[in-house]
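Quick setup: one chain, the form predicted alone, written in structure tokens, and binding and motion questions come after.
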Amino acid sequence: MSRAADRFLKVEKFLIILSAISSFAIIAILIPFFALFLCCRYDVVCKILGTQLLRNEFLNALKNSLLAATVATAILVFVSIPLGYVLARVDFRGKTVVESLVDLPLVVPHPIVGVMLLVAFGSRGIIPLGIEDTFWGIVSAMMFVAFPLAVDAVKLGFLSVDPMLEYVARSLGASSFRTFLTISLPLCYRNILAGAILAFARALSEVGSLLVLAPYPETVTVLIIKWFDTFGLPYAVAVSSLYLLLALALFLALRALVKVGAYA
């Protein structure tokens, strides 16, 4: 056997090992999904959708979740674009500290996020905005936990844009704002959309901080815990399945829009 063939076999064995590990990881993630849908009882789903009181409670929670996540994502996109650009293009003293602060919400346990927001912006907080048990309390919690995902995605997008393109535009007389608007921003739009999708998905899944800060008005994630405590596991499984199907459909639709935009 030649050396080339021997190297090829070694590479193939290596890829097989990597593929086996990857397959195991994917299967481990998929098992809970399959388990949820397999354990979902059709009669309970029918009861939720067919009983006016339960249906209205679920639909109101769904409306709160979608609306709050949309508002939180829109605000995060507006904030993350200038912040991501500054972190990608400007070198300044303390930049590492700022980048660490941006990622800090990733490591804060979510019940603590609720406590922090409560003592900061609650009725008796440092800045008494009274956001507890309000729609804006939900939005605040969602924004806090999704903030790093939106900013980091936008920052990576601006880092991928060649600064020479901006220098050329400036040398031809374009202002900083016009260069940003016509060169940097259009080349970064896919990352902005990706950051928005990740932030939206993270906002939809938030529950820990909401239980502390704003359990009312209810979101679907809070409703799942409430029904689990009140009616038991079958109802929690049913509403989780409904919410998961909707969230997956939204996520896939948004990803498809990003792909369509990439090929446009």
Partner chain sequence: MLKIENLLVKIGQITVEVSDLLVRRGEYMVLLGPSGVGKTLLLYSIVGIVRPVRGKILLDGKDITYEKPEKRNIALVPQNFALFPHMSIYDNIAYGLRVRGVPENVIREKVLEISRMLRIEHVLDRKPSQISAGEAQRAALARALIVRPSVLLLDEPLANLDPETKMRAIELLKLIHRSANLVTLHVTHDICEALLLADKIAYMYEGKVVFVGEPDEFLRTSFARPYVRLLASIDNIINLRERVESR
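Numbering follows the first chain given and starts at 1. Fair warning: this is a prediction, and the values are worked out from it, not measured in the lab.
We do not show the form predicted together with the partner chain, though everything after this point is about it.
Using a 4.5 angstroms threshold between heavy atoms, D103 stays clear of the partner chain in the predicted complex. Within this chain, H110 is remote from the site of the partner chain in the predicted complex, having no heavy atom within 4.5 Å. Within 4.5 Å of some heavy atom of the partner chain in the predicted complex lies at least one heavy atom of R178.
Contact check for L172: a heavy atom falls within 4.5 Å of the partner chain in the predicted complex. Here the chain stands by itself, but in the predicted complex one stretch of 95-103, 116-124, 184-192, 81-89, 184-192, has heavy atoms within 4.5 Å of the partner chain.
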